[in-house]
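There is one chain below, alone, in structure tokens, taken in the form predicted on its own.
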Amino acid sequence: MNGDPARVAAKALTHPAAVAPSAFPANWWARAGWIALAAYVVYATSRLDFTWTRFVVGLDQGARFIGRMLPPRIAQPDTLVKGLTESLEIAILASSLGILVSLPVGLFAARNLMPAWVTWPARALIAMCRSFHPVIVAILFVKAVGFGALAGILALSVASVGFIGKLFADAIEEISLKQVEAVRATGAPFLSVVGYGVMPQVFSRFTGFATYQLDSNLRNSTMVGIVGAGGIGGTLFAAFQRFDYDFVCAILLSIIGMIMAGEVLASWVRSVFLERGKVDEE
């Protein structure tokens, strides 16, 4: 009989695969996808004229370039300080403007609070702000308002709305609606519902988003300056054009120091607000 324990045990010893299925069955679709990806990598490498000889020559040229950068020298201290100060101002102003705009945009994009005819335009605006790199947006604003810090502020503000608006909307969609319904049950107006039912649940996360965007704008403010949107990027580009590579190294080290100082400040702000949020919850 098929149910005889002795026969089942003997069959398991001779043909184990026929008795129990494999714990990790083969996924042939995944394997085909990896093979296709590997084939495309090889094809793309051949199309882009990537060769080992060029790579080795590039390493040698890179070593000579780094040798020309060392030791760093601050050739124009006034220009360096002015560029760093302007980059810091651009980052702070752009972050502040982007946060102020992101608050209502992210709220309107939350599908658990707003009807579809409100969320779709808000999410379309967020997607449009996220579609282009800040350097591309900075070029457009340089053409519109001219060279200077204003173009950089507007470009980074657009990038801030795209990033913070999306994360803020996603955070609102993950909240518990029980607190929102409790505030609504008291007959409170919409702004009170947002202030007492929504914001307490997302305030700590929103603080993290805002501080991260400030850190990101500090980095991006150095890039938009290369296209004429103000900041230390213009000083860096001018030093490259003069082949003043030791001054380039000094500028790069200054940028690294500014980013690290911004990271320390952002970590402190996050810790303060997160601790305050825990105390409020208790």
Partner chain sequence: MNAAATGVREWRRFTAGQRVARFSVYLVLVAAIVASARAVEIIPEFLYDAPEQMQDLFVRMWPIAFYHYPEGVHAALVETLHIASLGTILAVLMALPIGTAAAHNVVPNRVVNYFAKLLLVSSRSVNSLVWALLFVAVFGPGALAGTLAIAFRSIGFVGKLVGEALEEAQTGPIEALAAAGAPWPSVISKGYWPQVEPAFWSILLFRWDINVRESAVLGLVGAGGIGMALDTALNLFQWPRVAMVLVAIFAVVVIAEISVTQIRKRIL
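Positions refer to the first chain, counted from 1. Everything quoted here is computed from the prediction, not taken from an experiment.
Beyond what is shown, the protein has a form predicted in complex with the partner chain; the following relates to that form.
Contact with the partner chain in the predicted bound form holds for all three of 128, 135 and 259, each having a heavy atom within 4.5 Å. Contact annotation: of the candidates 74, 92, 81, 101, the single residue with a non-hydrogen atom within 4.5 angstroms of the partner chain in the predicted bound form is 92.
Though the partner is left out of this view, residue 272 does reach within 4.5 Å of the partner chain in the predicted bound form, counting heavy atoms only. Contact annotation for residue 250: none of its heavy atoms lies within 4.5 Å of the partner chain in the predicted bound form. Using a 4.5 Å cutoff between non-hydrogen atoms, residue 146 counts as a contact of the partner chain in the predicted bound form. Residue contact with the partner chain in the predicted bound form: residue 62 places a heavy atom within 4.5 Å of it. Taking the partner chain as positioned in the predicted bound form, the residues of 209-227 that bring a heavy atom within 4.5 Å of it are, in sequence order, 219, 220, 223, 226, 227.
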